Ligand code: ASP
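Shown here is one chain on its own, the form predicted alone, set out as structure tokens.
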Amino acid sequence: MSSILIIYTGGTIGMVKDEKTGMLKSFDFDSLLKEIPEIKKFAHHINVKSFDTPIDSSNMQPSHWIKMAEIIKENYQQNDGFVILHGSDTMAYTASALSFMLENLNKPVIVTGSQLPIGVLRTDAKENLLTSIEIATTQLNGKSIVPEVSIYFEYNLYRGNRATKTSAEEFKAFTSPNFPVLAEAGVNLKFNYPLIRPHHNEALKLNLNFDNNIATLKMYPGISPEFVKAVIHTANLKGIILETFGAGNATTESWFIELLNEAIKKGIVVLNISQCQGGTVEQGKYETSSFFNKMGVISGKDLTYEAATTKLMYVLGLGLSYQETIQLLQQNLRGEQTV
């Protein structure tokens, strides 16, 4: 029997209805076993740690990612897996960030939540929680089957840095546009073994220095020089995520090229990702992206926006030289992009 640590950060999943008032209130996760006794079938030891003040995921910050990573590190040897209960709005950011923070991870870290509170009759919370725990405790030859950061939601297990939230209404709130699911939950759990990241021989290492001096510049018809200039002149700016059209295309207006060149000459890293959920950036495929290669814009290939954001913060936080930074950004570090 396994030992699992549940980390409750806040979010919709952690609410129940007060029978007297009918209002939704935060769930007392210390009485988790009493409310959901089925958990005992999956793990012998269920440990629960809650944030002192549960937060809405819209308020999630890098400092909260650090707190989660430190809790996992502190409890790593005593537990076989970890389940993080989290609001769905920024869940993909957290899962992606943790994938970069938890280097050499050999145990499951599953981030889950729900579209309806755990105390609502038609809730999806119970299934998401129970299946997350089951996956976190599933082993093969004494080793965890999914030794990486993932998101479980509505019968699918996604790689954490490949998922994105696409619906605010459907129970199937997440998709993974450019990478297959790691597992599907039906009558049986079906794991996609060839795609799951391998175990490591090295000890778990925490990377906690995230640099959030970045900005997003999203291309749109009619974008003005004044707006682009305001972005690249942001104080202390170190990186720009450039959201381009289609396969990585942008306007070829001379003023835009000049401003982008100015940013790169100042040492600002520019990472190009597509506004399209599916597909990849192919700089040079069209004339409207050929100039990116010449000036040193980095292709983000098929990164999700969440993965691009957290990866850029992580790599900038390493304090490397400009050349080392752009080289590392082009590497597939945690399965976040297709090689």
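The numbering used is simple: start at 1 and walk along the sequence shown. Because the structure is predicted, anything quoted here is derived from the model rather than measured.
What comes next is about the form predicted together with aspartic acid, which does not appear here.
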{"property": "Location of aspartic acid contact in the predicted bound form, chosen stretch of 266-274, 54-62, 295-303, 281-289 [non-hydrogen atom, 4.5 Å]", "result": "54-62"}
{"property": "V315, heavy atom within 4.5 angstroms of aspartic acid in the predicted bound form", "result": "no"}
{"property": "Touches aspartic acid in the predicted bound form: G239 (any heavy atom, 4.5 Å)", "result": "no"}
{"property": "M15 within 4.5 Å of aspartic acid in the predicted bound form, heavy atoms", "result": "yes"}
{"property": "Partner proximity in the predicted bound form: D89 to aspartic acid, non-hydrogen atom cutoff 4.5 Å", "result": "yes"}
{"property": "Proximity to aspartic acid in the predicted bound form, single hit among T131, S114, T244, T94 (heavy atom within 4.5 Å)", "result": "S114"}
{"property": "Those residues of 141-172 which, in the predicted bound form, come within 4.5 Å of aspartic acid by heavy atom", "result": "K165"}
